[in-house]
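Only one chain is shown below, in structure tokens, and it's the form predicted on its own.
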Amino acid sequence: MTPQPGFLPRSSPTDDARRRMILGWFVNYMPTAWNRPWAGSDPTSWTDGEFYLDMARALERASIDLVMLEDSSVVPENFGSSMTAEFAATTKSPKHDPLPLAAAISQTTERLGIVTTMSTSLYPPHRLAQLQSTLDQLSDGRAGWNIVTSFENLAAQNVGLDTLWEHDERYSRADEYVRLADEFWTKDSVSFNGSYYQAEVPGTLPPVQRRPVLCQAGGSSSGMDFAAKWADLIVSVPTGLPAMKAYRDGIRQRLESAGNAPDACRVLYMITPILAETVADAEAKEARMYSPDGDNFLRRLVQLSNVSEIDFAQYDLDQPIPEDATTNGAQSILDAMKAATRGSSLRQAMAGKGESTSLRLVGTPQTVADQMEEAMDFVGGDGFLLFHGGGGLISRHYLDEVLDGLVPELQRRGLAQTGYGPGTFGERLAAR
């Protein structure tokens, strides 16, 4: 790897700024909690976007750094080779396009960073660069691009391909793709002739920030190489403190090998806090949420199949995952699930814990804040990306628990910002 000229400039933050966590929220433009307690009076109205605009305003009132909008273009058939389980679980569909929602959020907020997910396998490079530049202009310098390569063959077929490329080749293509997009944003004219992409385009597409904040979620070795090379912000889901620290150390080593500062990008860990007035109440809530006998167990299996592109319907729930199981999708997640089921079973591994999160955070706002503080001290990471399990789960009630309970506790301890500093989204990240 060689140093990239597009990295945001990194200042030396004060001790107070270094102590403050970066906090974001990862959300899907999908049905909200529609068949669960606290669903509200009209759970079918998610399509008009008003819930998500209210959510963005609430995030900004709480001084959350960013909202990240997930995207995918298929109704998955990963579980049981059928769409039936997906429509019952609503983990990834039905879904609206997040880009118009991002534009609407930019007009109803003033400081919140707005990160949209767009695939290097599905968008033409010039089109993606143009859309991201437009969002950055509309938001006055608050746009970010969550770079994904996609892995679903159904997504490939939606754009006229039979299949998507093998895992490592997708990252090779993505590297060339991002380099080309960066030229669209920064050069007066683009003459690009690469292995996968070519361009002869006059003029530039300048965002307010010179380029949007670049985010990535590489978990495999090639994904980490790519993230360290290009990303300003990395989303990570290693499970447990040692794995979280190993991941952060691995990113630092890659940055230093490329001639960049070891903290030239920020690492956020996915979490789903479960909060209540007492620890016992929170633990009882967790037991209900993750019971292997509850109706939530199916949706968790479906979601796990979707994020890994492994059909978990084919495995005996009371046996470990076979060691020879492979995937062209999220390899790091599959490896983690194999490790979790060794000497155990898939059912036991999933019982009593959330999927797609790095830490078990269950308790009162005070005890959960304790754990988050201890985690950052041990890991040396930069913050957390909050998530509430995909479509069909998010509610105003859960938002209130986190934004009116946990976040104020973090702010009282000086661990979270109580307002936004000056500058663009990227400049504020650079100062943290």
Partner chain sequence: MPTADPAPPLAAETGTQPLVLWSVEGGDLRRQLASIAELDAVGVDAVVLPGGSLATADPILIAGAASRRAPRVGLIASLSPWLQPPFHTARVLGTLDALTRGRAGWLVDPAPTKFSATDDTDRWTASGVSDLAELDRAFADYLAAAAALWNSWQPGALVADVGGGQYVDPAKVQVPHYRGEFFSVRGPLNMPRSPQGRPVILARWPIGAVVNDTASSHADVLIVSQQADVSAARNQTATVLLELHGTAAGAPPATTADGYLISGVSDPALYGHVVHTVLPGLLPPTGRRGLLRERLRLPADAFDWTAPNPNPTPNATSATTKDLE
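Residue numbers count along the first chain shown, from 1. The structure presented is a predicted model; accordingly, all values stated were derived computationally and were not measured.
The next section is about a form of this same protein that is not shown, the form predicted in complex with the partner chain.
(request) Could you tell me which stretch in 299-307, 281-289, 252-260, 73-81 has residues with non-hydrogen atoms within 4.5 Å of the partner chain in the predicted complex? (result) After filtering at 4.5 Å, what remains is 73-81.
(message) in the predicted complex, does every one of Thr47, Leu99 and Leu122 come within 4.5 Å of the partner chain, counting any heavy atom?
(response) Yes, the whole trio is in contact, each within 4.5 Å by some heavy atom.
(request) Report the residue, out of Thr327, Gln319, Thr134, Gln348, that has at least one non-hydrogen atom within 4.5 angstroms of the partner chain in the predicted complex. (result) If I apply the 4.5 Å criterion carefully, the residue I get is Thr134.
(request) Identify which of Ala276, Val148, Leu154, Ala243 has a heavy atom within 4.5 Å of the partner chain in the predicted complex; exactly one of them does. (result) Only one option qualifies, and that one is Leu154.
(request) Determine whether any heavy atom of Leu53 comes within 4.5 Å of a heavy atom of the partner chain in the predicted complex, and answer yes or no. (result) Yes, Leu53 sits close enough to the partner chain in the predicted complex that at least one of its heavy atoms falls within 4.5 Å.
(message) Is it the case that Pro31, even though its partner is missing from this view, gets within 4.5 Å of the partner chain in the predicted complex, heavy atoms only?
(response) Flag for Pro31 set to yes.
(message) So, Ala340 and the partner chain: in the predicted complex, are they within 4.5 Å at any heavy atom pair?
(response) No, no contact at 4.5 Å.
(request) Look up in the predicted complex whether Thr90 has a non-hydrogen atom within 4.5 angstroms of the partner chain, and give yes or no. (result) Thr90: yes, in contact with the partner chain in the predicted complex.
(request) Give, in sequence order, every residue of 193-207 that has a heavy atom within 4.5 Å of the partner chain in the predicted complex, or say none if there are no such residues. (result) Ser195, Tyr196, Tyr197, Gln198, Ala199, Glu200, Val201, Pro202, Gly203, Thr204, Leu205 sit within 4.5 Å of the partner.
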